[in-house]
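Read the single chain below, which is given as structure tokens and is the form predicted on its own.
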């Protein structure tokens, strides 16, 4: 059920950056094409250098031409381009934000409800908010004012708390929208709806019936030109701290009392606070890290290419050694009645044999043993590259003998004619609607950092050589050290049936 966007001005800082060109401006265009904007809505792009409105509109046309190579509706384009304005905000001008206020104060042009998107360096978040506040552009006495903060929100618990302390000098918590673009994905939102709108699942969603849960994000790509960022961050802080813990919260949380943003957030926060801290005194039984070595990766059409190791990529950029992980697997437990004793295996890695994001739930063994085996059912919610739900059940093989085989039930979530919505489009609309349910509350951010920081600190003190795995390979055999059961194995969601170690 769609909401109505109040007339507002979308103020985009960092408008000339890569994210804006590839995602944000095209995303705003698609929302306009979908009829989600009121006629009065305007877009003010903020850049460092001077540029005429006409020149900026020509830039926008270039962005849209690059994004929509098959063309786009010219009537929508004319409507969209008329919404767009440009304002120069040079960092060297001490009066820059006063000039911005003067520009925005023209109520005949710009609606006074203001949605700020800070597509800028994390070090600039607090500074921009302070300067907006100083000229009265965050004041909500007459109109709403919201600020979207791009990730990362801090690099550890201490920096996240410090950033929060700075922002809340000038903003209320209700004005801060901390983005995690994963939460905008339709397949991620489907996790909660799959659980709570199907009576067949909820009675089984507990430790009585579930053996374990796997949450996976694997990529075939390496770190590319992000070596400086990645070497300072690693897989754990890049993916696990935000995207994967948020996915786990949706998988494991209790049913909210209703589907309001406040109720959904409250249950996610409760779940994140219920995750047991990793026992760093027994680190090697609970977490595993590795780096990709050189190898070959699939590039499609039956071809592969040779790629460098992570360490070779670093050396190319002047870094001689590193213990930063490109593969991280963590075993977690939730300390509540529903999940008592159920391990959650959360893994993320680069340069794997396949790219996929999925939740794989293995149920406990069947009550009947045939031929010395008790079979187990799987439920897989695939996020990408293919959005689908898969179940594996046992069925009798037709014939005279009593024997079973695994049948896979595969239901694509995305069907012909469905809207194809980018996650940023969803989140842009939520910002303007005032719906924070797909954004991170500060309590979620801090709970996530409290789980991650002890692992990062323990790894920093650990002199054990970091394991190497060939690029293009499957999970390192050594990673199964975190498994609770001898019969547990990494599930590969795309290939039904999986591969056992």
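Being a predicted model, the structure only gives us computed values, none of them experimental. Residue numbers count along the first chain shown, from 1.
Although it is not shown, the form predicted in complex with a small molecule is what the next lines describe.
- prompt: Of 80, 116, 125, 182, which residue is found within 4.5 angstroms of the small molecule in the model of the complex when only non-hydrogen atoms are counted?
  reply: After the contact test, the surviving option is 125.
field: The single option of 121, 169, 142, 284 touching the small molecule in the model of the complex, heavy atom within 4.5 Å
entry: Only one option qualifies, and that one is 121.
task: Decide whether residue 16 counts as a contact residue for the small molecule in the model of the complex under a heavy atom distance cut-off of 4.5 Å.
output: Yes, residue 16 sits close enough to the small molecule in the model of the complex that at least one of its heavy atoms falls within 4.5 Å.
query: Is there a heavy atom of residue 152 lying 4.5 Å or less from a heavy atom of the small molecule in the model of the complex?
result: Yes, residue 152 is a contact residue.
- prompt: If you check in the model of the complex, is residue 48 within 4.5 Å of the small molecule, heavy atoms only?
  reply: Within the cut-off, so yes.
message: How about residue 424 - does it come within 4.5 Å of the small molecule in the model of the complex, if we only consider non-hydrogen atoms?
response: Looking in the model of the complex, residue contacts with the small molecule include residue 424, since a heavy atom lies within 4.5 Å.
task: Sort through 207 to 215, 377 to 385, 144 to 152, 358 to 366 and report the only stretch with a non-hydrogen atom within 4.5 Å of the small molecule in the model of the complex.
output: Flagged stretch: 144 to 152.
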